[in-house]
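We begin with a single chain expressed as structure tokens, specifically the form predicted on its own.
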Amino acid sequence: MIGLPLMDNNITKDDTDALIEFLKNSNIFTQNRNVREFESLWSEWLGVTYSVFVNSGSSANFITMAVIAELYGRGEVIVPAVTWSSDISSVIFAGHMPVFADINFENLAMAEKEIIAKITPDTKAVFLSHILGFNGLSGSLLQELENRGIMLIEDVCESHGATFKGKKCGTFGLASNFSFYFAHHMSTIEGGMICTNDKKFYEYARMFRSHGMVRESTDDDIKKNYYEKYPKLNPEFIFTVPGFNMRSTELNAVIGINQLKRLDENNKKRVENLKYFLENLDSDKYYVDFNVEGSVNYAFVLLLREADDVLFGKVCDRLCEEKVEFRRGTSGGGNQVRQPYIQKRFPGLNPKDYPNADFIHFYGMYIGNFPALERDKIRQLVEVLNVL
């Protein structure tokens, strides 16, 4: 029996020791100096000016779409048919209209031609997901969006450290979102980050994070404008936008600061693991032609070469026998257009209109890839898959 979880040892003893040391020497556990330090260190690592630490990647999505609605108005947002549900939910709850685009196999991201075909005069933004560690960008797509004046928002929740032309994903658009959930490249147990080079976007993200209060802004001009416009309100309690409490804590930030120290080294191991997996997998049975340039995959994507219900059933059964944990449909369970929350709101959408997303839905999955994964377990996994 192989025995392979999706993630192992993502919160190490070194992390818990750092947390214990913090608990011994502090009595302020809500958002404070460690949160600010983590935001600063993350901005430096990523290569952006501003970062806002929140309680989850989903909250990062929610705030980002809400800020766009507040500052730029509502409109259509092009989203991938394969992504995490909160990407779509954030678009819906902010009052935008999600417009679905099919994906390609080589990196599981929205296909460039699909994005361009979906652009209309009402398009407000493209919300592109970098799936499971792949880079989803191209130079021609970036140029096309710039030419048309359309905002790019990057979901990098599953791709910490992925790059395009040597530059980290999450630095190309107006804003980007990251998740620090347990199974991802690094973890704060729960947590997320909003990143941007745009100061106004940053200030509004800070306010949305904390009930919409103007006092959360670091911009004196923004504060002054609200104080003067609403003189009968207590300056400490002026709520500028319909925000929520999406703050994280000092405890999560302490873990994040400690985890960030080893993120790059851990990513190198993930890259090596994926290379070995793909090089030894039977390319007649399984798709191995992924574009791995700049990728830092925390999962092995397993995709059948051809539609084959019998083979896929055998793969699932054998992995269960071998205690190999997997997730069918890859990120988010596959084609989001098939999900009830979409079907209820947009009954006219046909999942079959997104054939690549549908193929992945029925014939794709992912298996865990983490720094401590032994090469021998990868070899055993490949051997099992190749004889099916």
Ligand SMILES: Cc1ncc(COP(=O)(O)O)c(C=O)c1O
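Everything numeric in this text was worked out from a predicted model, so none of it was measured. Numbers for residues come from their place in the sequence shown, where the first is 1.
Below, we turn to the form predicted together with the ligand, even though it does not appear here.
When contacts are judged by a 4.5 Å heavy atom cut-off, R270 does not count as touching the ligand in the predicted bound form. The ligand in the predicted bound form comes within 4.5 Å of no heavy atom belonging to Y226. In the predicted bound form, no heavy atom of T64 sits within 4.5 Å of the ligand. Not displayed here, the ligand is kept clear of D102 by more than 4.5 Å at the level of heavy atoms in the predicted bound form. H184 is the sole member of H184, R247, K168, K118 with a non-hydrogen atom within 4.5 Å of the ligand in the predicted bound form. Scanning T163, S217, S86, S210 against the ligand in the predicted bound form with a 4.5 Å heavy atom cut-off leaves one residue, S86. Shown alone, this chain has one stretch from 145-153, 289-297, 276-284, 86-94 that lies within 4.5 Å of the ligand in the predicted bound form by heavy atoms: 86-94. Of all the residues from 141-169, those having a non-hydrogen atom no more than 4.5 Å from the ligand in the predicted bound form are D155, C157, E158.
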